[in-house]
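What follows is a single chain, given as structure tokens, in the form predicted alone.
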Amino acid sequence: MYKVNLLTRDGATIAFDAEPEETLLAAAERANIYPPSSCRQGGCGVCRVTAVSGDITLDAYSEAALSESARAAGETLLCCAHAQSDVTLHAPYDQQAVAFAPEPVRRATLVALEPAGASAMRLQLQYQDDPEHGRAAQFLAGQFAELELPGAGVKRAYSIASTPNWDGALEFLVRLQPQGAFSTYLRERAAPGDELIVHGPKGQFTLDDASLAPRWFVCGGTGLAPALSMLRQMAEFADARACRLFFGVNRVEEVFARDAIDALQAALPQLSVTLCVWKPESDWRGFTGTPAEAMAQALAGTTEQPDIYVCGPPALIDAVTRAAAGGAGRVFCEQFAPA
């Protein structure tokens, strides 16, 4: 039995014991400690942390979840890692992101759905009263949840676009995939009054409240959802720090959430917004290119060292990480996978 110390971003230490044959995630959960995780099979990277000291072996995992360079830098996956000595780990999230009870599984009612541009849908859900959890929607801005269709065996992960609230309201932005099971449900059968099961909240993509750096959000498509949640929380808290939003889509008709962005600019006068279209028509007046390219241009013209929060497909994550390597502060990532 080895000692494991998980050091969180805000300076807390969470300790548990681990047998060499169990994964660090299983060992933590045996102690009623639930770090952020999702697939539990080395495929998503949600449980990624950095090993500070100690010996660890890893089961098979996907390079999409843990690249060779990240592993070389000491990063590891709790769901695949086994302690071979006492271990100290550094987590890229605050203690608040760690649960000390099993993941909530709650029922919710679909109260509204509408198109969000040409290739996505906006969903509004309402938690049903729950004897254990009440009605409140409790999570950290930036986290995601898995939505399950009862009886259909379909469960998909989507970021929450709304902020925590006592009314139990949840908002999601879902990109429609051509053959996606959940996308097919949304296109063909979904209707207000449907019941869905919500697993979570999950994830470690949350604001670092201890940092005083400007916040830049770089989003591709429905990767806008967690940025909306974080910016809406900043608005609710009247947070005055500098912030920028780089939001990009492929075609002009895919642009969505303009009303939500306008509301944020009214509530956060310091918020600078750059709408980006990769392949626009000739009359487009916004930025032509990707949000990573827009961010790189902005970074080259400033002395700021912002914290960068990026959410979208792997290519966007890679481009932002490369562009930020020379001049930005820290980069926090949430990678989307087709579902």
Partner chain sequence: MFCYQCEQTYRSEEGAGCASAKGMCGKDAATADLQDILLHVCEGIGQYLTRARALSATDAEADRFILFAFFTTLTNVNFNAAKFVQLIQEAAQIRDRARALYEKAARDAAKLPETLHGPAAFVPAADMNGLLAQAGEAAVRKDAAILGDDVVGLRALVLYGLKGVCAYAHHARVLGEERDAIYAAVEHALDLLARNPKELGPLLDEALALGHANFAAMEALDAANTGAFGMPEPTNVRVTPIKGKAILVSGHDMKDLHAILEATKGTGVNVYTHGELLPAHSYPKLKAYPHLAGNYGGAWQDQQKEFAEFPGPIVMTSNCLIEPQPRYRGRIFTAGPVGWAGVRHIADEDFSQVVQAALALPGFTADAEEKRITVGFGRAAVLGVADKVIDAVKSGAIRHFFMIGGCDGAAPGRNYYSDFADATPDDTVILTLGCGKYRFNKHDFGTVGGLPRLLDMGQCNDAYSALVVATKLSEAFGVGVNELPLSLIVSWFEQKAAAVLLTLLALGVRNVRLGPTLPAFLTPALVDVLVGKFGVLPVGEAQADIDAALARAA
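Just so you know, these numbers come straight off a predicted model, no measurement behind them. Positions refer to the first chain, counted from 1.
Here the subject shifts to the form predicted together with the partner chain, a form of this protein not shown in this document.
- For the partner chain in the model of the complex, the listed stretch (81 to 89, 149 to 157, 109 to 117, 124 to 132) containing residues with heavy atoms inside 4.5 Å is 124 to 132.
- Proximity of Gln138 to the partner chain in the model of the complex: non-hydrogen atoms within 4.5 Å are present.
- Contact annotation: Gln96 falls within 4.5 Å of the partner chain in the model of the complex, judged by heavy atom distances.
- For Ala101, a non-hydrogen atom is located within 4.5 Å of the partner chain in the model of the complex, even though that partner is not displayed.
- Contact between Pro164 and the partner chain in the model of the complex is found at the 4.5 Å heavy atom cutoff.
- Think of it this way: in the model of the complex, the partner chain has a heavy atom of just one of Ala191, Leu212, Ala238, Ala266 within 4.5 Å, and the residue is Leu212.
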